[in-house]
Every structure is written in structure tokens, then in C-alpha cells.
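Shown below, as C-alpha cells, is a lone chain in the form predicted on its own; questions about how it binds or moves come after it.
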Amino acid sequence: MTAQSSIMTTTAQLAARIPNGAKIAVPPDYSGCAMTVVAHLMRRPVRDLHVVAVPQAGFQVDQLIGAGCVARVEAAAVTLGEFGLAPRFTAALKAGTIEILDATCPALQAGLQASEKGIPFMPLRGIIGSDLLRVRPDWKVINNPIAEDGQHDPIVVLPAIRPDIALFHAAKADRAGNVWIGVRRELMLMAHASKQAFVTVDEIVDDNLLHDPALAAGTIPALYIHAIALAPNGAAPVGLAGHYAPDRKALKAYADAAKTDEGFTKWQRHMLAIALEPA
């Protein structure tokens, strides 16, 4: 594969390519969050994002909500896990300043799979009987079109989810633009389903990742990647599984501070001062 130097950029330039109102797909905290880019988006600040959690949201989305960057969240859950409720999400939801599109993990994956395959919808059964059908009028119940004549066989069809941008962090990329994600297949799905994939990485290597049989299966080809920025430790403080652990002290400090508007504002001012170089 030929070199793709044109997709190599900085974290600030990558963040600048995410416009107001974009629909962005982001992974859960355990899967590779582009936290350096999140900080740039908060400092700008970007506005009116439609965030698609794949399939749940945590610290990065709560922080973006606190900074006023998010208009809509589509997720199976928004939580800080062992650190408790997501305080800025909870406050925004109560205040009515964001819209929530309730979903399930399989439903979000099905919608992205439809986009990945270039089809308008994906069928799914497990939602039938739940209240989700009441709050998601875009999910339609139809009778199985290939059921035997006269057989009542309801199934839900979910519209394709086509994000403008997939945003995530990975351990490494090569100079051809291929990105190694290991076992995190949701990142592969995000890249396939989205119009563009923006990635930060801890390391850029010289060897082509697709030429290594041990790495190729866990590598997203450059065909699906539109921007790569080098960001050592770029998933901190949520961490990157198998590479560096979450900074529990920093995460707890955020969870405590973000319980109030004033606490979040103070945390954000301090975080941006230490996380980013001068614009």
C-alpha cells in the first residue's frame, strides 16, 4: 500500500475538522477514547454534536456535555461505571438541554452494521415487548416478509446509523495509514460505518501492519482512515487496555468536581490549561 502522508496531522488540526452539528461515533471508555481531541473540542468549543455511543458513553461524552458541545446522545447507557452516575449528562437531561435517543447495545450495533453493509435497515428481534418501541418511532415493527403464508412473525427493523465521523484512539498506526486496534472490533465497525474515521495513536511505526500475519487481522486498512494524529498517551486518563491503565485518581477527581456546575467549570479550566499546548 502506498504512503498516505496526507492523512497525517496534529491533534489540533484533527479536532478542527470536526464541524458543529456533526454526528460522531465514539467508543466506550475501555475501548480507546481520543481524549486529547476531546480536550481540543472542549476548548474551541464545538457545538451541537450528535454523539453515537458504540454502544455506551462515559467520561469523554460527559465532559463534552458539560462543556456545552452536545445536542443529542444516542446510547445504550451513559455512566462513569464504578465512579457513579455521569453528572453532566444527568444534569443536562434534567434541564432539557440535550436530547437522548434510548437504544440497546445490539440495536446500535445493528444500525451501524446496516450502514457498514450499505443497506437502509437491519432487522432485530430482542426489542419487541420493551418500552423502547414507544420512545423510538423510527424503529418499525413489521411482519417477517419471508415468513410462511399467514404466519404472524413480527420483527423490528432499525434504520442504518451513518455517522459523519468515527473518533477513537488506538495503540499504533503505520505510515501507510493502517491502524492497529487489536481485539476492539467495535472500532472496526465504527470506521466501516462512518463517512470518515479520525484516529489518534500512541505510536506511528515504519513497518506495514497489514504485512504482519500476527497484526493484520486486528488492523483497519488505510482505505477507511481519513486522519491520523500522533498523541502519546492520548487515551489518558481513561486509559488504553493492554497499554496503560486508567488514572483512577484523575477520574475520581472529575466525578467529584462535575457534580456541580461550578465544580465542572473549575475542573475544565484546570484540565485545559495542563492538557493542551497554547493554540
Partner chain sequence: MTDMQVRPAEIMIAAIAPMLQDLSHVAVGAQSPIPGSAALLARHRSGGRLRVSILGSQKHNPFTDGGRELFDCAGQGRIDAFFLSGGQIDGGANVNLVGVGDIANYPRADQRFPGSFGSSYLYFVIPRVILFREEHTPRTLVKTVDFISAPGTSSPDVYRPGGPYALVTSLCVFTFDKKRARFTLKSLHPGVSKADVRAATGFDYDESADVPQTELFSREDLTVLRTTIASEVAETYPGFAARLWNV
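Source: prediction; values computed, not measured. Positions refer to the first chain, counted from 1.
Another form exists, predicted in complex with the partner chain; not displayed. Remarks below refer to it.
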inquiry  = Check for me: heavy atom within 4.5 Å of the partner chain in the predicted bound form, for each of A76, I127 and V183, yes or no.
reply    = yes
ask   = Here the chain is shown alone; which of P145, G96, G150, P120 has a heavy atom within 4.5 Å of the partner chain in the predicted bound form?
value = G96
request  = Would you please decide whether D206 lies within 4.5 angstroms of the partner chain in the predicted bound form, comparing each non-hydrogen atom pair?
outcome  = no
query = With the partner left out of view, is L189 within 4.5 angstroms of the partner chain in the predicted bound form by any non-hydrogen atom?
reply = yes
inquiry  = Taking the partner chain as it sits in the predicted bound form, is E116 in contact with it (heavy atom to heavy atom, 4.5 Å or less)?
reply    = yes
ask   = Looking in the predicted bound form, any heavy atom of A241 within 4.5 Å of the partner chain?
value = yes
query = Which of 97-105, 198-206, 172-180, 159-167 has heavy atoms within 4.5 Å of the partner chain in the predicted bound form?
reply = 97-105
query = What residues of 32-63, in sequence order, lie within 4.5 Å of the partner chain in the predicted bound form by heavy atom?
reply = Q56
